[in-house]
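Quick setup: one chain, the form predicted on its own, written in structure tokens, and binding and motion questions come after.
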């Protein structure tokens, strides 16, 4: 390789400046990088240099590479939050074992067992929204998502145990804000005071609750909830996950699934309520299905609305890994230790694949020309594609269909801008709506 080939792609030089630009305007800052530097650029970050790709051929090369080429990017920063045993932070043989143990509970066919719980939770929480008052709909969706997690993942559905789990998860997530997530200097106890100390206290409380639930399970007679199935799971050698690993995997599911599903639903509502004709078409298609979760999940237009929402509003702007060995991409030989990311936002806004890319047009997913996994990647791709993708999409469809069929909302604000959360991006203000019936 010559010197030109070995050099990293061009990009901005200041990690601090780029970080603050992203915190202020995540979408605008990334679009600007794409305009200035093209399909492949270097991005200085507080976790190290990250080479970002957005062209389909480059994303294909990343996702099809040998999995042991990569380790998680910035794993040291996330380990105190998720735990070293989290599937998101493992690589190599440990990662393969964890995914194999965790895949059966998330198989698409199992989603039918959870559909009724998703629909019923949506009905209860949406019916509790006061009429003729301005309410951030994303907050309601967070309550629904948390309720679904506690019932279907934790397997807790009654009394004080359910309330305790809900309080614990809410307090833990609230204590982990974007500044604490971004700046490791703030991840210190400071004598038991401050946001990090508060987060660690809440996290310990949630872990204790999960250990109690694990102890109450009988591996020989697992229930339908995901916790029970993980307790009963065995690897090829007949070994089970230990208690700490199950705790960390369960908390990873909370972090990965609570905020993200609620955010996607909020964006879908924001877009649908701005297109009354599209909303009426969707309601007309769903009405004959009588709210049956299995039938609703097969609605072509509902599927297209969800797909277009995740295209236009990806919840994580890029998925990243760290190279464990040199890797050639786009004429550059990237050294081991470099971060490598596939940019969902830029990939989803490529005009040659998605004409009028900034417009919300679900029809593009009904024309029979489905994008490849390297052009449309809301759940990542390759060996590290999101394990809970089928669960999240099923929940999104069931909750959105319940709202469209049974409730009348109107927007109470201008189109939402995007803001940064701890690990995701979403609508500032939570999409305020008014419930009319």
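Residue numbers count along the first chain shown, from 1. Computed from a predicted model, the values in this text were never measured in an experiment.
Keep in mind that the form predicted together with a small molecule is not shown, yet the notes after this line are about it.
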item: Per-stretch contact check against the small molecule in the predicted bound form, the hit in 216 to 224, 123 to 131, 317 to 325, 166 to 174 (non-hydrogen atom, 4.5 angstroms); value: 317 to 325
item: Among the candidates 101, 150, 209, 88, the residue which, in the predicted bound form, approaches the small molecule to within 4.5 Å (heavy atoms); value: 88
item: Interface residue in the predicted bound form among 388, 34, 26, 56, criterion: non-hydrogen atom within 4.5 angstroms of the small molecule; value: 388
item: In the predicted bound form, residue 384 touching the small molecule (heavy atom, 4.5 Å); value: yes
item: Contact flag, residue 257 vs the small molecule in the predicted bound form, heavy atom cut 4.5 Å; value: yes
item: Contact test in the predicted bound form: residue 305 vs the small molecule, heavy atoms, 4.5 Å; value: no
item: 4.5 Å heavy atom contact, residue 252 to the small molecule in the predicted bound form; value: yes
